[in-house]
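Presented as structure tokens, the chain that follows is alone, the form predicted alone.
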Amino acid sequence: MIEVEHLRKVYSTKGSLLNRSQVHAVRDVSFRIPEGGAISFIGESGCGKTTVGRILAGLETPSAGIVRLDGVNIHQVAARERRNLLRKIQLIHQDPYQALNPAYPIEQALSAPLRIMAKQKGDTPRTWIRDRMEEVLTMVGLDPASVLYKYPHMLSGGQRQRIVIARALTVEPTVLVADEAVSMIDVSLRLGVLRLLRDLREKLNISLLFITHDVAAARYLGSGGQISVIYKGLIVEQGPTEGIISRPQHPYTQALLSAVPVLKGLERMGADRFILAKEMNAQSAAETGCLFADRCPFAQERCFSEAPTLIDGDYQYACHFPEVRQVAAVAAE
């Protein structure tokens, strides 16, 4: 189980000490992923969801907060134990073109982590690395003989993304962090990769953190799991996947669902769909009041002076004036 409590990440901008400012990428994020469970983080670009994933994968150090894996705080253990813990959390990169070294064949990309594991085990037979590479390639739907000795540029985008997933599986992780795992591949191939991730979660009992701006992908992959809606580094709504999509409470969630294309014949409810007039500006986040107030079409005076708190329970939202609008029904259909 992954447990995250009050996670924060602050970056300092470059420049002189007088001109240096701070960017709050993650403000106060808490969630948990049970064994074999799934949670999807959705939000606009720059809202902090990728930073959360990088902290989980050990690529960033949090400014504050706790990250536990099976009850162990991964940031309060010795370096060697921390490496062993982080090996159980693997990141699936967004861009398969940059995730694979173009100078090395796929065989070298997959065998590198396996050689480290074989060295640690000591008594591993020499054929184990080859067998394991073939196993993970088959697991992700690829023919080992046809891809193992090819270079990345010789493969399609969908094949490259499956190779990246296979590389993450080589070390037998218990948690996968998929950061926009289908955004860089052809639309016709996305469903196959999403189906693969869902099957791996079910067959291997792997916990999954799925980071995306695509509500439809989050709904498909996170079936039976949860969705967390993040805005300016703060979770504004979270709960069961179907509940969030069918009955969104927070205006930001409603705006995200308004951006989902509707099929012909469902435009009858178009009057309830709204588009945010202003772009998100991370630098303009006020320390008081609701972070979304400057863009919210329903904001009132209280929203600018008092920050809403995320209510406890299975279904959570942070809004002074929650509304259930028909736009939710459009997206659900």
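Note that residue numbering begins at 1 and tracks the sequence as displayed. Remember, it's a predicted structure, so these values are computed and weren't measured experimentally.
Omitted here: the form predicted in complex with a small molecule. The next part is about that form.
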Can you pick out, from E134, E180, E242, E107, the residue that has a heavy atom within 4.5 Å of the small molecule in the predicted bound form? E180
Just to be sure I understand the contacts: of C303, C47, V29, V67, which is the one whose heavy atoms reach within 4.5 angstroms of the small molecule in the predicted bound form? C47
Does the small molecule get within 4.5 angstroms of any non-hydrogen atom of V23 in the predicted bound form? yes
Verify the contact flag for Y11: yes if a non-hydrogen atom of it lies within 4.5 Å of a non-hydrogen atom of the small molecule in the predicted bound form, no if not. yes
Is R87 one of the residues lying within 4.5 Å of the small molecule in the predicted bound form, judged by heavy atom distances? no
Might R247 be said to contact the small molecule in the predicted bound form, defining contact as any heavy atom within 4.5 Å? no
Mind telling me which stretch in 50-58, 288-296, 304-312, 30-38 gets its heavy atoms within 4.5 Å of the small molecule in the predicted bound form? 50-58
